[in-house]
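Read on for two forms of one protein chain; each stands alone as C-alpha cells, with the labels structure 1 and structure 2.
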Structure 1
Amino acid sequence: MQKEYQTITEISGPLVFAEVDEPVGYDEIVEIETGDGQTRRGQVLESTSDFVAIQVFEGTEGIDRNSSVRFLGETLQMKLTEDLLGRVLSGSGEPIDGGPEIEPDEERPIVGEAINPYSREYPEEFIQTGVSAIDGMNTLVRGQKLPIFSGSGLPHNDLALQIARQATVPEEDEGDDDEGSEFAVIFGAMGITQEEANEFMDDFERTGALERSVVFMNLADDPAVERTVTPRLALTTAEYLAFEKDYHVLVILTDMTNYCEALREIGAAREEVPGRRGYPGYMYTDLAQLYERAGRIEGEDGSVTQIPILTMPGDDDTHPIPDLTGYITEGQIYVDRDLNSQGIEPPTYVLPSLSRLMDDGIGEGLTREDHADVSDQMYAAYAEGEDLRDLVNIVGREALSERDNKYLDFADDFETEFVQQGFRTNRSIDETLDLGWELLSQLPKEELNRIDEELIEAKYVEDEGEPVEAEE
C-alpha cells in the first residue's frame, strides 16, 4: 500500500497535514519527498478517514504543498543484529561512522511493549561502580534505572563515563575477555554538543569500550524532533542485546532535558492543551515508556540497566522534567554545584540522592553484612553535620558542644575523603566500606545507634579522634 499523495494542506513547525483517501495506520512511517529530491521521514501522529497529521523527524524545511507523501504501511522499526556493537549511528538509526550498511537479523518496532510485571525478576545484583558515593550510599543494581540529576556546566558526563568504565559485578568469574565480555554499553545522545560527543567518543576509543558499545548520536544541531525516536532506537537495541543475546546492557541516555523539549515542541505544534510549564500532559506516560524499559526478566540471562542524565533547568528539581523522572526511576544521583566548586570529584551530593533498589542488593552474600547499617549511619551523621553548618554560620563553632563539633568534622571529612576520589579512582566495595568505618569511628560509639552492636564491636576503629590514614 505504498500509495503516493501530493495532498499536503498545512505545514506547521515539525508537523505536516495531508489529505488521504484510504486508511492510514496510527504511528505508521511516512516518507516525504521534497521538490529537490530529498527524502524526509516522519510518523503518523493522528489518523482520520480523510486527513493525517505527520510528525517529521528531520525537519520540515523545504517541504511544500507539492511534496509527495508516501505511507510505508509499517511502524518505525529498528534494524537489529549483534554486529551493531562497535557502530556509531545517527539519531534515527543510520550508520554515520563510514562503515557498511547494517544487515539486520531482525527488525523490531521501536515502540517497545511493556514488560509484564509478572514476568519481571526483581533486580538485586550489585553493580560495583567503583564510586564510593554510589556503591556505599546509593547502590546501583542490575536492571535498575538510576538517573543522574545535574545542572548545566557540571561534570555529569565524567561521572557517567566513570561508571561506564568501571562498572563490574564482583564475584563473577566473567573476567576473561577472550570469550567476549557479556557487558555492553548503549549510548543515546540527544541534542548534546559536538564537543560533548567528542568527549564521550574519545573516552570510548581510548578505553576500548567502543567495541562493546552502540552509539546513537543526535547532536544539538540535528533536528529536534528526531530526538523523540533516538532513545527508543537505543532501548530497542538494548532489549534485543539483553534478552536475545544475553548481554548485560548499560544504557546511558543524555540529555533527557533535550528529549522533553522536543516533546513540548511537538505538543505546541499540535496545539495540545499544555500541562505544567507547557510540557504535554502525557509526558509522565511518555517518559515511563522509556524508563520502564529497564529491568530483568525471569529466565533470561541479560539485563537492561539505565542511567539517564538530565540537566535540571535552573538546578530546580521541582521542574517537571526531573520531577516526573524521579517519580518513575528507582532513585536518583544528584550532582551538586557547591561540591563541584569545592573541587570534589565526582561532586555527588549524597543526601537527596537515593537508590530504591539498594536494600535488596546489599548485605551479606551480596556486598557485606555491615553495608546497610554503615550507609544508614553515615547518612544520618552527614545530615546532622549539614544541619549544624547552618548554625555555625550564625553562632560560630565555639558555641557548639563537643558532640556537635564531631558531627561537623564528620561532614567535612565525609565530603573530602569519602565522596572525593577523582574520576580515575576505582574503589572496591570493601575499600568503600572500610573508609566508611574510619570516618564513623570519629564519632563516639554510643552515637552509632543505627549499627548493630556486634558490628560495632568488630569494625569500630578504636583510636578515637586520630584519623587512621591521615593523609591531609
Structure 2
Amino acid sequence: MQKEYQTITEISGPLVFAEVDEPVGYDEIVEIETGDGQTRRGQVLESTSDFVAIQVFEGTEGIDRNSSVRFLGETLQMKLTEDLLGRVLSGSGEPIDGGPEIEPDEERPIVGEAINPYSREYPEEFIQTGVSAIDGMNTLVRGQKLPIFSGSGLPHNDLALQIARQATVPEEDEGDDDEGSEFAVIFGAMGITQEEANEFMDDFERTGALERSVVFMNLADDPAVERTVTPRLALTTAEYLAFEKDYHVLVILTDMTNYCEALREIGAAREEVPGRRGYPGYMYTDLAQLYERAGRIEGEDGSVTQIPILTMPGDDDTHPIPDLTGYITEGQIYVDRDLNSQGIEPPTYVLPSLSRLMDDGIGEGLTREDHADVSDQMYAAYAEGEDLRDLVNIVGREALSERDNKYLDFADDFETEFVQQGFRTNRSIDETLDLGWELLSQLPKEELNRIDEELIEAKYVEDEGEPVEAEE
C-alpha cells in the first residue's frame, strides 16, 4: 500500500524534508506532486521514525508545503532489455532519443550486488583500444577498472570517444560472430555541457558506434542529484548485458569529478560534517561501490570493464578524487597538459601511467611474445630521454655524448610517432609493437638490455642493427 503525506517541513537545495508517522525504507522511491499537477521523482536519503530526507531527481523548483509526498515502497529500478543497445537515455534512465518506450524483459535495483570474491575470475584477456600508448604501454584487460586522469580543458572526451569507437576483443574479431554482437559500450556522461553532448552524439551516430552502445546523458543543467544515479543505472545495464546476455561490456564514465561534486552538494545540504576539502567522509566507500562492479564471474562468458574519466582540479593528483580513485582502481592513464600544448593526440603521458593487470593480459597467446620486453625497453628509454632533457636545459645538447643524443632523439620520436596518432587512427596491437621495434632500432643493440636475446636476434641483423622480420 502506497503511503501519501502532505507534511513537507523544509526544502534545502536538492533535498526535501517531510514528517512521517511510521518508518520509511532507505533508498525508497518517492513521487512528489506539486500544486500545478507536476510529478517529481525522488529517493529517500535519510529516514527516522519522525521524518525523512528526500533527494529530488528533477530539482525542487515549484515544490512547496502544499505538495504531496507519496512513498512507492520500492527502490529505484532499471528497465533492462537487450534492445537498449542503440538507445540514448537521460541521466535518470528515460529515453530521450525520440524512440519508443522501453519494453523491459526485467527490472533490477540500481544498487547492484557485490560480486562474491570467491566467484571472481582473474582478469587476463586483452582489450584492444586502438590507442598505442594504452595497448602497448598500459594494456587494458577484460574485467579491469582503469581510470583516465585528466585536467580541465584537456581532450579526455576525444580520447573517450576514440576508445568507445575502436575498442574490440581481438579473438572475437577472428571468429565467425559479428563483432557488434559480442562487444558493447555503456557510455555514462555526468554533468557535461550541451555542446559536449552534441559532440558525443554526432560522433556516435556518424561512426555507427551507437549501434553497439547504450548512452546515458546527464547534462550540466540537470539536477545534481540525478548525477548520483546515472553511473548506477549504467552499471546495472552493463551487468545485465554481461552476465545475462554474455556481452563483453566496456563502461566509460565521464566525468567522475562532477559525480563527486554532486556528492559534496548533497552532503552540504544535509549539513554533514565534511571530510577532506569539503567532500563527504564516505566518498571512498561510495566510489568503491561503483568501481568494484567491474569484473568477471567464474562460469560466465561476459565481462564488465570500466574506464572512469576524471578531471583533476588544478591538475593535482593528490586531490581527494584522483587520490581515492587510485586506491580503488587498478592503475591510471594520465592525459598531459604539456603534450597537449605540443599538439600530441592523444596527449597520453606514459611515465606516470600504469596498468597493474597488464602483465597478466599480454604475451604469447594473448597479444604477442615480445610485448612485455618491447614495452619495458621503450619505457626505460623514454624515461632516460626525459631525464636528459632536464640536463640539456643546464649544459646544452652539445655537451652530451653520442649515446645520450640518441636517447634524446628516441624520446622526441616516441612522442611524435608512437604516442601521436590522432583521434581517428585505429592501430592494431601488431602495428603498435612493430612501431615500437622501429623506434628502438635507433638505439645501439647493446642498449636493449630489457629485451630477450632471442627476440633481438629474430628482429636484428647483428652487424647492421637493421630491423628484419622474424623467420617462420
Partner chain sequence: MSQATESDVREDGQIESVSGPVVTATDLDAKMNDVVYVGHEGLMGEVIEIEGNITTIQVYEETSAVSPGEPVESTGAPLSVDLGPGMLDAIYDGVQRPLDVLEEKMGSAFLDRGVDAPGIDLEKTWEFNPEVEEGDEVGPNDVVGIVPETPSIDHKVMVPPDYEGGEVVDVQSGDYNVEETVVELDNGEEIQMRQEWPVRSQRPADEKQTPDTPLVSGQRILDGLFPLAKGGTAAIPGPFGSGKTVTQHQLAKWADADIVVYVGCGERGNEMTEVIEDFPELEDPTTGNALMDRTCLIANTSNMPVAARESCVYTGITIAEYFRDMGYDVALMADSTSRWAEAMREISSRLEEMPGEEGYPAYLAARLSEFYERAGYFQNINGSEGSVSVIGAVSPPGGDFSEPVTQNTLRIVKTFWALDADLAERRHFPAINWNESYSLYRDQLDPWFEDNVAADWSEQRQWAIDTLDEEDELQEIVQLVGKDALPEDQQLTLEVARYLREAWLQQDAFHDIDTYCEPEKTYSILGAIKTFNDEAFDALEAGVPVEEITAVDAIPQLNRIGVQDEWEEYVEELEDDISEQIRELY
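Numbering for residues begins at 1 and runs along the sequence of structure 1. Throughout, rigid core stands for the largest set of C-alpha atoms superposing within 1.5 Å between the two forms. Everything quoted here is computed from the prediction, not taken from an experiment.
Undergrad: Specify the structure that is the form predicted alone; exactly one of the two qualifies.
TA: Structure 2.
Undergrad: Any CA movement of 2 Å or more for S68 between the two structures, core superposed?
TA: The answer is no, as the C-alpha of S68 shifts between the two structures by less than 2 Å after core alignment.
Undergrad: After the core is matched up, is the C-alpha of S341 off by 2 Å or more between the two structures?
TA: Where the cores coincide, S341 shows only a C-alpha shift between the two structures that is less than 2 Å.
Undergrad: Does N116 move appreciably between the two structures, meaning a CA displacement of 2 Å or more on the superposed rigid core?
TA: Shift of 2 Å or more: no.
Undergrad: Quick one: CA shift at S401 between the two structures, core fit, Å?
TA: A shift of 4.0 Å at the C-alpha.
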